[in-house]
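Below sits a lone chain in structure tokens, taken as the form predicted on its own.
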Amino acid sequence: MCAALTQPDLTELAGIMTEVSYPAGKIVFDEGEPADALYNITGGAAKLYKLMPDGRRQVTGFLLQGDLLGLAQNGRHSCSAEAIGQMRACRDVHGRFDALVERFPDLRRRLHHDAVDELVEAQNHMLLLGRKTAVERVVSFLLRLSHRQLRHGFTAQPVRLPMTRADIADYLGRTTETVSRTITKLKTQGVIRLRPESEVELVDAIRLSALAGGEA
């Protein structure tokens, strides 16, 4: 049985979704393809990105365990999705899923909640790319991942970073070297602690919040 959509009142959906798995680097779907399926990520993660005409890549977001992947307007994907690590998910075709939305009011509320979160995330990302320094960008990124873990029913920390430094750099609009130096700087300052298996402990939440807001 596919362990999808963890809310207790939505467990009936688990038995009608299909378990799928994607190895690291596998493209789940490409930008512009028909959006014919919806995924609930149950393990690993995915990155969303767009390719510029000159081949450069802009990572637009990361989806983690508990997130829905494949929501689209106008029937086509607005970006590409690639598995990070070994990504596991529950998959269902969009047409049937749309019918399920009508049957399960809690699912409709979940989709609405996710859509609002996606809009807020997009607004925050615009601010992050347009105005924030390297330190502000990295700290804001860590704090937002912590918040998302908590929202999905996991502990707020340690923050799990399944993505590479290069992926983070593409998302934050900085070089890989800048991201690595910034993380090392935060570690030296004692506000974060690097742990095994790509985890980061947020040691001083008050100081981190100040840094994210641009306070020296």
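None of the values given here were measured: they were computed from a predicted structure. So that there is no doubt, residue numbering starts at 1 and follows the sequence shown.
A second form of this protein, the form predicted together with the DNA, is not displayed here; the remarks below concern that form.
> With the DNA left out of view, which of Thr60, Gln157, Gln65, Thr178 would have a heavy atom within 4.5 Å of it in the predicted complex?
Among Thr60, Gln157, Gln65, Thr178, a heavy atom within 4.5 Å of the DNA in the predicted complex occurs only for Thr178.
> Check whether Gly70 has any heavy atom within 4.5 Å of a heavy atom of the DNA in the predicted complex, and answer yes or no.
Output for Gly70 is no: heavy atoms all beyond 4.5 Å of the DNA.
> Although the DNA is absent from this view, report whether Gln189 comes within 4.5 Å of it in the predicted complex, heavy atoms only.
Contact check for Gln189: no, nothing within 4.5 Å of the DNA in the predicted complex.
> Report yes if any heavy atom of Gln86 sits within 4.5 Å of a heavy atom of the DNA in the predicted complex; otherwise report no.
Result no; Gln86 lies far from the DNA in the predicted complex.
> Are any of the heavy atoms in Arg174 no more than 4.5 Å from a heavy atom of the DNA in the predicted complex?
Yes - in the predicted complex, heavy atoms of Arg174 and the DNA come within 4.5 Å of each other.
> Looking in the predicted complex, is the DNA within 4.5 Å of a heavy atom from each of Thr133, Ala166 and Thr184?
Yes, all three are in contact.
> Where does the DNA sit in the predicted complex: which of 39-47, 166-174, 25-33, 146-154, heavy atoms within 4.5 Å?
Flagged stretch: 166-174.
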